[in-house]
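The data below hold one chain only, encoded as structure tokens and taken in the form predicted on its own.
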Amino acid sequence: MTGRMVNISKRWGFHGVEALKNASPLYKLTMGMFALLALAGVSVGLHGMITGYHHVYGVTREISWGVLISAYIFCVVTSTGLCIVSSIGHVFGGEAFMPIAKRAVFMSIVFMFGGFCIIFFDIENPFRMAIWNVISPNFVSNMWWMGTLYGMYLVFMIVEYYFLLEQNHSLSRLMGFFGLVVGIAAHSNLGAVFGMLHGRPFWYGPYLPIYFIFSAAMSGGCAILFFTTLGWKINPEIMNQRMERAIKAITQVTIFLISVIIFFTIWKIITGMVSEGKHLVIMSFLTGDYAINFWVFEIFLGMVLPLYLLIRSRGNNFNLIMWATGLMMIGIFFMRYDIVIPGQMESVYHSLGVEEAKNMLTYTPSFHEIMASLFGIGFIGLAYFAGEKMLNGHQLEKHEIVPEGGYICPGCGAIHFMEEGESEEDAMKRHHRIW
């Protein structure tokens, strides 16, 4: 048993709890803060569950989706985005993207669990939902599909991560492909949850299912850049030549995706201003109650500043990339908030000319909602820092001696073996099934 654990430890690069014990006091303090945040969040969330959400949450009959939904969307969108970005390497054979696969898939799983932690406290009876989701499926409900597809997605990602650790590239690629397909289906379905609501003109239409896919890819690029460069600050050894090339490639892709989302946002504003059903909400972004959210966080921190800093970084200034993507993560959170909350601010009676419904409705997140959201964020932070130490910065086993006939793959870093007459490049293509 002990021998098997040693083999797994060597193969997976698993350093165990001992690595946490040997961490610096500042590292332990950071993990302790995230642990306390998660503990406080779950405690307050359970208090709200016992007391009754209607008594402690700021949501109302008119505004039924609050900050918990926007935080949940932030997490699951980032998870899907990490899956999309990682798939470029180990699913589609983009060699430059292969070194980030392990961290990206790991964080994809962590973000999905973080999202589930948050949505747990938004559903009045989450246990009943899980049971009836299986024994009484409603195939015409977007909500049913969302729960089912995200559940399948999580299973595929966990199995894919296992095969990545085992360096079984064929099966990890297959699971990654299934995870990507199911993840994109789940994510476009999430957009359809909003886009198919006739009574909410701000959301209604095909815009959101398409926007969510590109936005997820942008979030994934941002997240993997942030967590990899932060990992480099923790353990500079992870930034070898292969990882530097990966960071440069992902930076270029992220710059492109930010530009695409800016394009989407410009047309959202232009078309919204000439749409009677969307005009009130769009004006609240431009000059009203949500102007600071929109201009400062969503536009400046979420897109314009990161775009400028990432271009300036040229993909090799890791400090600049870390700050750019860290600020961008904050901006993206507000981006999700600006989709969920303002879409409900216009009363369904507004278009009917009801005098009492001519102004925007208001919503302020309650203490319980904020703390329940921080439960998920605290869990993600704690899992990230624990993973960086226990999984040795998501590096594979260090190969001090390469066996005869083998070589260290420039893509994934594992030892591969060449067949007779085969070059290293040919062997890499065979192992990773690159076309």
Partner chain sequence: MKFPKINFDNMKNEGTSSVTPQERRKFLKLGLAVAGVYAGGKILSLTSIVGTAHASGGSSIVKKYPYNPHYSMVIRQSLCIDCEKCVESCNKTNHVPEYGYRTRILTKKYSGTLDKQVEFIPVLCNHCNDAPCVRACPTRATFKDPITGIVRMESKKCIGCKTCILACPYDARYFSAERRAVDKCDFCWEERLSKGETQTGCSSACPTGARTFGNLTDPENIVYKLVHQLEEQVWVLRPADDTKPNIFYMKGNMRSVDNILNGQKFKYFDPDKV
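Positions refer to the first chain, counted from 1. Computed from a prediction, not measured in an experiment: that's the story for all the values here.
Although not depicted, the form predicted in complex with the partner chain is the subject of the following passage.
- Contact with the partner chain in the predicted complex, defined as a heavy atom within 4.5 Å, holds for exactly one of Ser141, Asn317, Ser259, Thr271, namely Ser141.
- Distance criterion of 4.5 Å from any heavy atom to the partner chain in the predicted complex singles out Val348 from the list Val348, Val304, Val181, Val155.
- Heavy atoms within 4.5 Å of the partner chain in the predicted complex belong, among the stretches 288-296, 241-249, 143-151, 205-213, to residues of 143-151.
- Contact check for Trp65: a non-hydrogen atom falls within 4.5 Å of the partner chain in the predicted complex.
- A residue is said to contact a partner when one of its heavy atoms sits within 4.5 Å of a partner heavy atom; Phe264 fails this definition for the partner chain in the predicted complex, lying far away.
- Contact between Gln344 and the partner chain in the predicted complex is found at the 4.5 Å heavy atom cutoff.
- In the predicted complex, Met196 approaches the partner chain with a heavy atom inside 4.5 Å.
- Heavy atoms closer than or equal to 4.5 Å to the partner chain in the predicted complex belong, across 209-224, to no residue whatsoever.
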